[in-house]
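Just the one chain here, laid out as structure tokens, in the form predicted alone.
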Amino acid sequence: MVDTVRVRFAPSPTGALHIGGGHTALFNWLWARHTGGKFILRIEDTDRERSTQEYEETIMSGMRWLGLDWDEGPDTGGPYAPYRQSERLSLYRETADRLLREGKAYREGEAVIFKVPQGVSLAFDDVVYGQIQMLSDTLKDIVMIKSDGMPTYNYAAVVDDHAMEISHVIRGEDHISNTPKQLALYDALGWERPVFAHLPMILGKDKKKLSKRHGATSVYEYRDMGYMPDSVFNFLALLGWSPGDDLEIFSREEAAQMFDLSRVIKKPSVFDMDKLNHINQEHLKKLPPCERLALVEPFWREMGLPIDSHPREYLEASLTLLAGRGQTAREAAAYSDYFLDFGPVKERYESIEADGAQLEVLRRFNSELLALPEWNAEAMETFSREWSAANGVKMKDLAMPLRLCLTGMKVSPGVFEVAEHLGVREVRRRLEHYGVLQA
């Protein structure tokens, strides 16, 4: 066994990078980064009918989005291309020929089949699940090379993991049943076994296997929904592992420093969207204004808002004023549309509901508010409290209509902070539209 930790993520390019695959890749990456080892990407593309170049690209793009960079490939220099099993067929044939010569395999037509020895205990200590044992008598002989010349999963994985000097095989618990078959091949070839660590299953909140009925399953779908890669990374890291001390929000660098396979639990993890939303909101809050704007801007553009008519500083300040409202970039865009355009406000609120006496009060208050010599939130709030006390009007009966006129929403950041940010001219325009200023 090599001294350096070497791990691999080995997806089949038969679909996009889904949450389960992203979770496996992330735990391999964390263990490599924690130990100063190597993280390798190997594309297992021996299923000729279902494997496509397009899916391979989406898998790699999803990994890059999550920040899961790999450390080597069949070429030199970086960024590296992945290893591909379809480019390693000669290695599988050579190893199969060796087993044929040694009488440990036999041919059946064009296929090559491994003869599983009888009466052998195939036991291993899984890092997560502990001691697992199976008798070889329960296994059928293992097809290594199919009649079309392509290797099977269990065989190719063993040959590649040995050739690539993989020290730890970290993968989903659905592969536990494959491990004894692979151990039989390791032993027949006289190769040292790697350490195995099988990761817990991910379930929906109904405790059933994660599927589309629980929400998006592709990593990219979360990007398109407005989630940050750091947030999805943070969330996936907590599925089956905990850094302790009830710590939930951390960076990828902090996760790599704290991560240890010994802290992975075998209890199935629950994919809780509420928790993902909370984590994403916390990461959004921590972003520098320019980075937060970069995330939200595409959703504003999708909404058709006039972004280019506002200075970047104004847009950044608009999002800062939201003070963490919105759990995703898409939500932040929706909650802040009134800063960019009056149109959405008018769509949400056609008119202010008030009788004649109430309307007259609002008109007097708003007209005097606009006449203030200082246009800042503190001055506006002080004036409003004094005006409401002097005129026997509840503060909320002045602030809520003002909020509706400016934002079209019943909930927003402080209404006077919003008014200050919009500016006196824009506030006047909106109040005039709703007829709540004195003529």
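Worth saying up front: this structure is predicted, and the values here are computed from it rather than measured. From 1 onward, residues are counted along the sequence shown.
Same protein, other form: the form predicted together with glutamic acid (GLU), not shown, and the subject of what follows.
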| query | finding |
| --- | --- |
| Site check 94, 98 and 162: each within 4.5 Å of glutamic acid (GLU) in the model of the complex by heavy atom | no |
| Stretch in contact in the model of the complex with glutamic acid (GLU), which is absent here, among 170-178, 120-128, 248-256, 326-334 (heavy atoms within 4.5 Å) | 170-178 |
| The unique member of 419, 431, 19, 10 whose heavy atoms fall within 4.5 Å of glutamic acid (GLU) in the model of the complex | 10 |
| The single option of 342, 153, 349, 220 touching glutamic acid (GLU) in the model of the complex, heavy atom within 4.5 Å | 153 |
| 4.5 Å heavy atom contact, residue 381 to glutamic acid (GLU) in the model of the complex | no |
| Residue contact check: residue 44 to glutamic acid (GLU) in the model of the complex, 4.5 Å heavy atom | yes |
